[in-house]
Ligand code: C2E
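One chain comes next, on its own, written as structure tokens: the form predicted on its own.
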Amino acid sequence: MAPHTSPDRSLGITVPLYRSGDWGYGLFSHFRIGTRLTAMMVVAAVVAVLLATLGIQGLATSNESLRQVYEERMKPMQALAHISHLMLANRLQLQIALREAAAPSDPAVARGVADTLQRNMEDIDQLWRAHQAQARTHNPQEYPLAERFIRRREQYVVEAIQPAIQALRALAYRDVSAPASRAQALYESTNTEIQALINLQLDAAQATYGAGMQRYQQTWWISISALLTAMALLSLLGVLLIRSLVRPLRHVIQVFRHIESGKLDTPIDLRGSDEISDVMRALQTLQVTLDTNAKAIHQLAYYDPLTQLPNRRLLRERMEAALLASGQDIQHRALLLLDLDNFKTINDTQGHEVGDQLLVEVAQSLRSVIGERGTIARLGGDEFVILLNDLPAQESSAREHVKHVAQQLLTILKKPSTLAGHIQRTSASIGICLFQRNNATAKDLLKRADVAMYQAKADGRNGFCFFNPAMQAQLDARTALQCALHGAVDAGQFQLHFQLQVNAQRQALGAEVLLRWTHPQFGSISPGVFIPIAEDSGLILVLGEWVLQQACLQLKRWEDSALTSDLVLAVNVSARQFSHPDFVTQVQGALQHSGANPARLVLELTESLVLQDIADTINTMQMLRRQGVRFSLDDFGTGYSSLSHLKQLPLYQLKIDGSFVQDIVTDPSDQAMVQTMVDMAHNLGMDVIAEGVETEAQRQALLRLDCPTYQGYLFARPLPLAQFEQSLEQQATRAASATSSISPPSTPALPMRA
């Protein structure tokens, strides 16, 4: 019969499960395996008992045949042979008596012969009776011979033996001759009959043995036939039992192999109620569970759990497929990297739940625009990627098409939405990268789109930007700088510059430490270029720690000079450096290693930094404040500091940003802002310093607003250490000269009394 099959949806073929003609499986599958094995053992035991019985019966038959031969035939034959022997002995004894009669010498010899003859005759009688008792049945030939032997025996006794015995006992030697002759004649005739009887017994014994052997052979053949039949039966039952186990187990193995290869819908035939059927039922349940879990795992592995969009992994696979396809045609394809504008602000102010709802709505909006034209993926956070395929082969047409799509995306994202009872408005910046003929890798495309997206943000956000080779050059330069930055500290390429901070009398109070980088290949690199790279790569931690250590060492060196012993050093601290768990330990270590006075060290923090986690910020500042370290709030006024937060911070100084100083002479608003900040600092018991002071008019305006401390090009540019110290010496020399050149004032005349 043809094999029963079930469809395997994963393979598109049918998988044979079992043969419906395999009656062994159907016969046994309804019985438990233990029951089958028990039945096999019972059958084997019955066969063993049967074979043992037949064997015992065969042995009994053989034994009976031998017994019959021995007891019924051989013993009578032995008795007859013994009788013949005794009669021969009588003959010999009579010959002895005849020799004695010829020359009598000892009467005892004659009497001994008589006694011997007497005993022999008694033995003959006993043997004959035994023969008659053992041979109770005689064949027709034996019976007349036995009758003749009996008559001849009586003649032998009466006519020969008894007369001889009497003559010998009477020592009548002359009377012995006649009985001896008679005994000789009767022996010869009687012996012939005895031999005939013996031959008959031998023939009968052979016949009995032959019959017994025939019965034994029959029993042997029956036993062999039974053994072969039993072996064939047991073999058949064993084969059927093995097939009933092996065939379904092979199917189980086949299903496991399909499961192993990820084909979780292989059908399983459930038939019977044995243990293997139980395994198959459990396997079927396992298949369902694994299939469910596999789908869930696939969903987790390839899709974003929040938006249900493809994740980075699935996007990369589809990008690789798109790149492979682009090497086989001339069509353009595009990668769009979309980043929401100010999403972090929404997350921080409205909460992560509102932020998640917004991401879900953004995903739905993207789907409504893109549809089936491409792949939409979420990289993480508020970054989305759109892969567009099958764009026009002409670049200008492809750009116009993608530009239209980007406009649609920006338009739909600007629509207000209601989240948590509030109307939310958002926008996005989109970086676009076209590619054709497999001219890049997936990693390159993401980098290019990322560069274009940041350019769109730099251009004012809520827009899009196409990647161009100039951006690639900038990206390559940035990458080269990042690589060079890794070994710059160990190579001694960094140098500290110091910008003077003065009071209203232009006296030096301290300096701000500024980092400069001079590379042997790239030359002098602006902090505005390498600091963001260090922030992104994490190298800002190494740089910040190095600057901190060098600043503390310099403070310690300045203690030996009266000119610099009272100066303070202000060191900028990045957000990433400040939030590092070991920041406090690093500051303490730098101070202890250098031996510098902590009161001369000022750490400058930005408003955005202190507002990230106000509780942790205060805790970190308090730990260092107890050591004597002071803090300055840098770029004050440009952030979103509130008075409630400001009064919680253990600040020593507020630093007015240069953007307010730039137009302070002409802009009343800036004057009002600076006045407010100065008053706030004084009211909170803090010092205040203005940076970016470049003109005397600016200094005078700040002085009128009661801002007593300044920093800017008006007083000094950032200088290397040697030049900075030289400028301090020159300033001190000028001050001393000015003091010595001023004559003491004359004593005023007293007014005259009226």
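From 1 onward, residues are counted along the sequence shown. All values derive from a computational prediction rather than experimental measurement.
Separately, the form predicted in complex with the named molecule exists; it is not shown, and the next lines address it.
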| item | value |
| --- | --- |
| One residue of M621, L515, I124, L388 in contact with the named molecule, assessed in the predicted bound form (non-hydrogen atom, 4.5 angstroms) | L515 |
| In the predicted bound form, the one of S365, S326, Q671, Q499 near the named molecule [non-hydrogen atom within 4.5 angstroms] | Q499 |
| Stretch in contact, per heavy atom within 4.5 angstroms of the named molecule in the predicted bound form, of 335 to 343, 570 to 578, 594 to 602, 251 to 259 | 570 to 578 |
| Exercise: G528 in contact with the named molecule in the predicted bound form, heavy atom 4.5 Å | yes |
| Residue contact check: V693 to the named molecule in the predicted bound form, 4.5 Å heavy atom | yes |
| Interface membership of D635, the named molecule in the predicted bound form, 4.5 Å heavy atom rule | yes |
| In the predicted bound form, I165 touching the named molecule (heavy atom, 4.5 Å) | no |
